[in-house]
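The chain that follows stands alone, in the form predicted alone, written as structure tokens.
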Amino acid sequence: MLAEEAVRAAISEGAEGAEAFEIRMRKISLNVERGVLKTSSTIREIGLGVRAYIGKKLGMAFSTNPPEGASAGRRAFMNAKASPEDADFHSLPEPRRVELMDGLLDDRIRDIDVSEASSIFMDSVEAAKLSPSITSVSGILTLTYAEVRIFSSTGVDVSEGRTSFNIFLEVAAKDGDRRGSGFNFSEGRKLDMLDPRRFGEEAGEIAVKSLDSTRIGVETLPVVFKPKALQAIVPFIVDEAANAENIQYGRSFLTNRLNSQIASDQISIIDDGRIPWLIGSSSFDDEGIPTTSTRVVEEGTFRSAIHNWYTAKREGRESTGNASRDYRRAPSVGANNVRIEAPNLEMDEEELLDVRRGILVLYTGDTPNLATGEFSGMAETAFLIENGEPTRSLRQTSIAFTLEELMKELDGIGKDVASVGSYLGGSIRLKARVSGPGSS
């Protein structure tokens, strides 16, 4: 209703076209500090974002919890009048047939109350306290139910309900002078994907194992990245480097490299927005275009960028269903779920770790350089591998490689497939330059 009011108001003011993005959310958030539940909240919010255009002049407005949509529609029209012309603007999205998919709405998350959410969260917190050496457990759990609606004067009219959970735990350990830390995080659209006790135990186990630490110097070593360490690296290849907006503005190292060999011919990288229960899945993108599967890298060759409607029309192409937005901003381009296919390189965990000396990286929050594809970041949670076994944790260790080195030289991909953020895949092994403060 709000979306229709907004679009009709913008048109009645004189806009040539208008589009409204409406989202109605209920979000439960819980916060634990030092093992104690500190805050819990339930937020209900309605967000309305409106785009309107006059010729090639585009304006936008948004409202939070508006009593009606007409005001936002009128403001979008006024902003369009005051905006400069955008020579690259062609039109608002036209309607496409959307097939609604299963695996987006979990009744349990939709109907859950704070009491049940707290019980689930505290199960994971208590499970993390698996040793007397655990001194602190902190974290956040968020459960969201959202109804998304997109309506436009061009005929787009789609809506669906989606749920999601997001949980993070941080654990500290201390034994005499030895200190360690652990973590765990997970997200998805179905609560049954989360085993609270196992989730907490994994965080506690990392903290206890990290009590025994060592340091290394500068070496080139086999590095095994677990899926949680790859969520900021592999999706970056699609989300940022193959992002059509970044390519069109010359910001990406993949600019002017379409149809070039950028990876081993053993590797394909796919953006897929229609995998049930994954956090990056939806029936349609944030412009109402159906999501699909896009082979970004096919057998080593860069085959396709990802597009929203705007970037696609700049090149005379079709959108790949990768519009990303919230109601406060205009659509940008973003990855859905990024998965790697490399069947000839698959290995069991024992095979991946079968090196005389190497590094096992559980997490890094750093991301590559978009312009060069270079990665130089800290292995925030990592262990030394000695004769096939992870042994002591590593302190102050950085790792450097380029994304092309990753795609061309990785010699193993694990069968331990996991969904982490927008990454769907197993562990990866490649040789990389490792730098630490020196042997302890």
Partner chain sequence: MELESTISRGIKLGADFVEIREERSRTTILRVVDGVVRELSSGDEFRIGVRTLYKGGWGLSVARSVEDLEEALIDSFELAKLSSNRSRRLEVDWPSFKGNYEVLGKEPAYEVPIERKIGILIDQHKSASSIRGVRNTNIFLVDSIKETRILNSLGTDVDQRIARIRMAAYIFAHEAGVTEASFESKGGLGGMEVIEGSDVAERAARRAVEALSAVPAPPGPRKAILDPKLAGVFIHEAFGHAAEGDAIVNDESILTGMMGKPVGSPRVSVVDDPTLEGLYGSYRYDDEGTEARRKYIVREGVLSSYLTNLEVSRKLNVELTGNARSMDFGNPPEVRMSNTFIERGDWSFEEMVSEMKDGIYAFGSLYGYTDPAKGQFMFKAEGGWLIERGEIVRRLREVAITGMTLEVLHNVEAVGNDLHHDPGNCGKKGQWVPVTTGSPHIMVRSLVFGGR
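Positions refer to the first chain, counted from 1. Quick caveat, the model's predicted, so the values are computed rather than measured.
Another form exists, predicted together with its partner chain; not displayed. Remarks below refer to it.
At the 4.5 Å threshold, heavy atoms of Gly377 reach its partner chain in the model of the complex. In the model of the complex, its partner chain lies farther than 4.5 Å from every heavy atom of Phe225. In the model of the complex, at least one heavy atom of Arg44 sits within 4.5 Å of its partner chain. In the model of the complex, Asp86 approaches its partner chain with a heavy atom inside 4.5 Å. A single residue from the set Ile413, Ile385, Ala61, Leu406 has any heavy atom within 4.5 angstroms of its partner chain in the model of the complex; that residue is Ala61. Listed residues Tyr145, Tyr327, Phe199, Phe165 were compared with its partner chain in the model of the complex; Tyr327 is the one with a heavy atom within 4.5 Å. Relative to its partner chain in the model of the complex, residues Pro95, Ser304 and Asn337 are all farther than 4.5 Å at every heavy atom.
Considering its partner chain in the model of the complex, the lone stretch of 295 to 303, 271 to 279, 176 to 184, 148 to 156 in range is 176 to 184 [heavy atom distance within 4.5 Å]. In the model of the complex, Ser210 is the single residue of 191 to 211 with at least one heavy atom within 4.5 Å of its partner chain.
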